[in-house]
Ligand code: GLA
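Only one chain is shown below, in structure tokens, and it's the form predicted alone.
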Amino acid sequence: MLQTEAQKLFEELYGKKAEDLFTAAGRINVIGEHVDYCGGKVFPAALNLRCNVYGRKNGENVIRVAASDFKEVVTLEIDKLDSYKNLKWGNYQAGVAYYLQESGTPMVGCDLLYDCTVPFGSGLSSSAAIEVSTAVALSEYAGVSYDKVQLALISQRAENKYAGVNCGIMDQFASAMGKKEHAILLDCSSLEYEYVPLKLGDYCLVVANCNKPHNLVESKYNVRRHEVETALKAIRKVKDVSCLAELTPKEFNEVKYLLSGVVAKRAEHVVMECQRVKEAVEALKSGDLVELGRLLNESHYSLRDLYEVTGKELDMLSELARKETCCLGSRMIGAGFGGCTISIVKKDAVEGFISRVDRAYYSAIGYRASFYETSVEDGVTVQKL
């Protein structure tokens, strides 16, 4: 939605024009999938796909929220912020407001209009973008200084405890802390992080949403977690490690005999994916995009064959991308069982790449994928209108 359209809608809903624009980004994870809960490092980056929040103070004791695709105004009373958990829409915002208030940030009445360009259910973290942009807007209106890492943690708490969705910290951290043309090497357990330049030169990242009706099967995710915990327990009988991510590939091969079947496969994925994260960071630092592309491909094969979380749609998308000579590498991102792939594609060939992959995907799967040529941007922005 253009800013002029958003202002028009804001005026229709609230009677006055918006005065401020707060934004927070969706994210991709360049590499490092299904390792965060095994003590591994992830490598996310904030995107140009964002949640835009138009706002103004209203001088009342309420926070009103509406969205460009949900034009109904939801009113949250500042004195009753704990009572909106069952809202069909607005519970993420209410949760952020509730935990901000609990942490000592005074809530100031305001009207907010959400216009989100992060596709919902795509695995690009639209929920984190909504939460972080809300946290920034409410902190700005409270007139307090705020720490973006703390806002990420509050946003995660809102999603976990208020909305009841069990997510790690990566999404909110990337959304809040993203930096233009950089990825973040993040240790999810300690929150230690390093910015690594994501300079792709003649190439760009193309995100493709397979558009499979996306319903992250919680049970499958829980089964994977149980399998890697089983592996860790067995390895600990002979080796003193706190998590699978501590093992080098060589060390893993020495203890692999303790594991069998799917448990061995799951653990192997985690150890090798952690190694790929290290190698991807080195490849980027030395400007070796061909090696980065190879690592993305290896990550996809591992998620397909060892972790078994891809499915025919994601496999088809990444396979079709890899067949294109203008593509250096492609892999699924996110939890799997649906969602998106990322591919490193030559900038001047993007149009043809999308057209050919789209046509072949439709022919194989029977419905279309959605494509986004993306750039890596700052996580949070604040602007006076």
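Each residue number is its position in the shown sequence, starting from 1. What we label the rigid core is the largest C-alpha set whose atoms superpose within 1.5 Å from one form to the other. The model shown is predicted, which means the values in this text are computed figures rather than measured ones.
Heads up, the form predicted in complex with ligand GLA isn't pictured, but that's what we're talking about next.
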Problem - Contact assignment for ligand GLA in the predicted bound form, among Y193, Y99, Y141, Y221, heavy atom within 4.5 Å - result: Y221
Exercise for the section: Have a look at L259, L284, V108, I169 for me and say which one sits with a heavy atom within 4.5 Å of ligand GLA in the predicted bound form. Expected result: I169
Problem - Which of 352-360, 26-34, 52-60, 319-327 lines the interface with ligand GLA in the predicted bound form (heavy atom within 4.5 Å) - result: 26-34
Practice task
Give a yes or no for A67: in the predicted bound form, does one of its heavy atoms lie within 4.5 Å of a heavy atom belonging to ligand GLA?
Solution key: no
Handout entry: G338 within 4.5 Å of ligand GLA in the predicted bound form, heavy atoms
Key = no
Practice task
Answer with yes or no whether G40 is in contact with ligand GLA in the predicted bound form, where contact means some heavy atom within 4.5 Å.
Solution key: no
Handout entry: Cα displacement of L303 between the shown form and the other one reaching 2 Å, rigid core superposed
Key = yes
Handout entry: Threshold 2 Å Cα movement between the shown form and the other one for I342, core superposed
Key = no
Problem - Did C38 shift 2 Å or more between the shown form and the other one, C-alpha, core superposed - result: yes
